[in-house]
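Taking the form predicted on its own, here's one chain by itself in structure tokens.
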Amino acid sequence: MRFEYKIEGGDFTNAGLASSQIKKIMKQVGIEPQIIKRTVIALYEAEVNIVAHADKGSIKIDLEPDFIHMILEDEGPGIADIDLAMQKGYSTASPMVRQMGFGAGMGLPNIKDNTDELNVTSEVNKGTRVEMKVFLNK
């Protein structure tokens, strides 16, 4: 099954909509609660990163028999130093985003902690691609 979503930067009202819908679908098809939890945490963090940092983005999710494969791509400022961005507490969020309760620098670390495979690529002033997998039979 494939699911696709468009994300608008700055649209905090709908932030988390894709991860919420995927959670419902995963429950309906009988995926283990712990796998659902890990998937939704990772997807939500990546989704909010697009909303908080980019102009717009997309999410493609493939629910396969053995894993869930998620690709999030955005058009935004990119990440200059991915290794630094992976460190807990590091954030480039604007003061406005921080005031809203986001931008604590835990997004990418939480994604890493909750996925089985993670690949982040980015080009400054172009955008970022986050590709992740969570295995269903682990």
Partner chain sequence: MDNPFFFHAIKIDQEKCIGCAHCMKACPTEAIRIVNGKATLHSDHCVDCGECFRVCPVRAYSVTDDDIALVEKFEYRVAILPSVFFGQFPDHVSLYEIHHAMQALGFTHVYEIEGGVDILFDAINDIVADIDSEKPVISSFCPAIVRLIQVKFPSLVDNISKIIAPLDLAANYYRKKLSDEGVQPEKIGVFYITPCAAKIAAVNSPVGDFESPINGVINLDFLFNKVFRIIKQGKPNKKVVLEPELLESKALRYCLTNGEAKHVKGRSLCIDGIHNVIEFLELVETEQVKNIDFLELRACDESCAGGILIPENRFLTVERLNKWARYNKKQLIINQSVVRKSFNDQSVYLKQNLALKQKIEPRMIVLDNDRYVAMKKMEKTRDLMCFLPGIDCGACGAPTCMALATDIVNRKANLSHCIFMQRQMEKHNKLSHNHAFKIIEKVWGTDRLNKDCSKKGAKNENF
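Numbering follows the first chain given and starts at 1. Source: prediction; values computed, not measured.
Keep in mind that the form predicted in complex with the partner chain is missing from the display, and what follows is about it.
- The putative spot formed by 72, 78 and 82 is not touched by the partner chain in the predicted bound form; no residue has a non-hydrogen atom within 4.5 angstroms of it.
- Using a 4.5 angstroms threshold between heavy atoms, residue 88 stays clear of the partner chain in the predicted bound form.
- Among heavy atoms of residue 34, some come within 4.5 Å of the partner chain in the predicted bound form.
- In the predicted bound form, no heavy atom of residue 94 sits within 4.5 Å of the partner chain.
- In the predicted bound form, at least one heavy atom of residue 23 sits within 4.5 Å of a heavy atom of the partner chain.
- Taking the partner chain as positioned in the predicted bound form, the residues of 34-50 that bring a heavy atom within 4.5 Å of it are, in sequence order, 34, 36, 37, 40, 41, 44, 45.
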